[in-house]
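Next up is one chain by itself, shown in C-alpha cells, the form predicted alone.
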Amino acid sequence: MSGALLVLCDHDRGVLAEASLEALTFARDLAERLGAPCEAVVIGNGADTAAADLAAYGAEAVHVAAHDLLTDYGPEAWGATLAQLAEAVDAVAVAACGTDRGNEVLAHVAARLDEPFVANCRSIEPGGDSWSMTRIQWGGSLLEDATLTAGRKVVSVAHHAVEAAPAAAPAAGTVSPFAPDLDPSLARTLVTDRVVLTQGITLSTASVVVGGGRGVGSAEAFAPLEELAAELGGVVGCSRAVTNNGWRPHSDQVGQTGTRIAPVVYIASGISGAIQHWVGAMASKHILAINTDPEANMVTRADWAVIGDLHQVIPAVTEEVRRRRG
C-alpha cells in the first residue's frame, strides 16, 4: 500500500486545537521517514477556517470534509468520514492526537476499516507492514514497546509527547474538498447544544498553574493561591484529595482522572505527588514544589523546591512579584 499519512486536525467551530498541531508536528517527521506526503483532515462547520493554518505545520494537502450531518462534533460521523477518506486516497496510515476526541474518533475509524488501533504513542519506527512503537500505558506510569502489523495503520500520538512547531518551510497546503456518504443514524452521537463553563484561560491552556493539595488545609485557604495565580496570569489547580474533600470542583483537578496540564511553570504547593497527580502534571516545562516534606515525590521530581510552610511561602512570593512589578 502506498499513499498519504492522514492526520485528523480537531477544531472547535474553526479554532484549531493545539493538540492537533502536536499531532501534525509528529506526523510530518513520520511521513518523511515513510516517504509519504503528510496530509491534514478537517471536518464539519468551520473546517475552511481551520484549514488556513495547516500548511505552516507541514500539510501538503488539507482535506476539508463537508456534509449536512457534520454540523458539530460527532464521533461516529467523524469516524465514518475519516475512514471513507482513508480508503479514497489509499492512506498508508491515519493519525490524530491522543486526546479524548482523537482516540474516540480513531476507535471508530479502526472499527470501520477492520484494523487494529494503537493509542498514545510517544515514538514510532516505521518498517514495511510492521511498525515498532513505544506507547504510554496506565496514564503514563508505564511505557510499553509494541509492534503493529496492519495493512493501514491507525495510531494516536500521546498528548504533549511533542511540542507543536511550524515546519522549517511551509508545505503546499492544497485544499481538497471531500463529501462523505453518511447514514442519518450517525446523528445519534452529535453535539446539539453547548453550555459555556469557563471562558478565557483554562487549566489545560494556562502557561502558569498554581496547584494546591491536602496541605492547603481548607477551601478558604486557597485564597492566597488565587492571588498568586492572578498576579502571574495563571489559574489554580488542585489534587484529587482536594476535590474529594469538597474544597474545589472537579474541573480544577490535575491528574489522571482530571485535567492534564502543560504550563511553562507549575507551582505545586502542599501536594505530595502521588502517581495519579504526577500523570497530569508531568508535561509541565518547569515545576516549583512548596512542601514541608523534603522527601515528598513532588519535591524530588521538581526543578526547584522550597521546603517550608506554603501559608508563609505563597504570600511571600506574591508580595515579591508585586514588588518587582512596582
Partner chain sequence: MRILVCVKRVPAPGAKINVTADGLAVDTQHLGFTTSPHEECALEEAVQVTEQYGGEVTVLTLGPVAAEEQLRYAASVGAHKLVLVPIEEVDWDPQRTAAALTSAIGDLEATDGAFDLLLFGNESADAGGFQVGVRVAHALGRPIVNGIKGIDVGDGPVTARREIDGGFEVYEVPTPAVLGVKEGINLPRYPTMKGRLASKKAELTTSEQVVDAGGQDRVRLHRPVEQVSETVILGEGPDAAAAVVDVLEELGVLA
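Whichever C-alpha set is largest while still superposing within 1.5 Å between the two forms counts as the rigid core. Numbering follows the first chain given and starts at 1. None of these values were measured; they are calculated from a predicted model.
Keep in mind that the form predicted together with the partner chain is missing from the display, and what follows is about it.
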Listed residue (I136, A164, L182, A171) with a non-hydrogen atom within 4.5 angstroms of the partner chain in the predicted bound form: I136
What is the one choice in A221, V175, V208, V92 with a heavy atom within 4.5 Å of the partner chain in the predicted bound form? V208
Are any of the heavy atoms in G14 no more than 4.5 Å from a heavy atom of the partner chain in the predicted bound form? no
Should A305 be counted as a contact of the partner chain in the predicted bound form, where contact means heavy atoms within 4.5 Å? yes
Taking heavy atoms and a 4.5 Å cut-off, does I275 contact the partner chain in the predicted bound form? yes
A52 within 4.5 Å of the partner chain in the predicted bound form, heavy atoms: no
Which of 293 to 301, 38 to 46, 53 to 61, 23 to 31 has heavy atoms within 4.5 Å of the partner chain in the predicted bound form? 293 to 301
Where, within 75 to 112, is there a heavy atom within 4.5 Å of the partner chain in the predicted bound form? Residue list please. P75, E76, D100, R101, N103, E104, A107, H108, A110, A111, R112
So, superposing on the core, is the move of P166 at the CA at least 2 angstroms between the shown form and the other one? no
Note yes or no: does the Cα of T81 move by 2 Å or more between the shown form and the other one after the core is superposed? no
After superposing the rigid core, is the C-alpha displacement of A229 2 Å or more between the shown form and the other one? yes
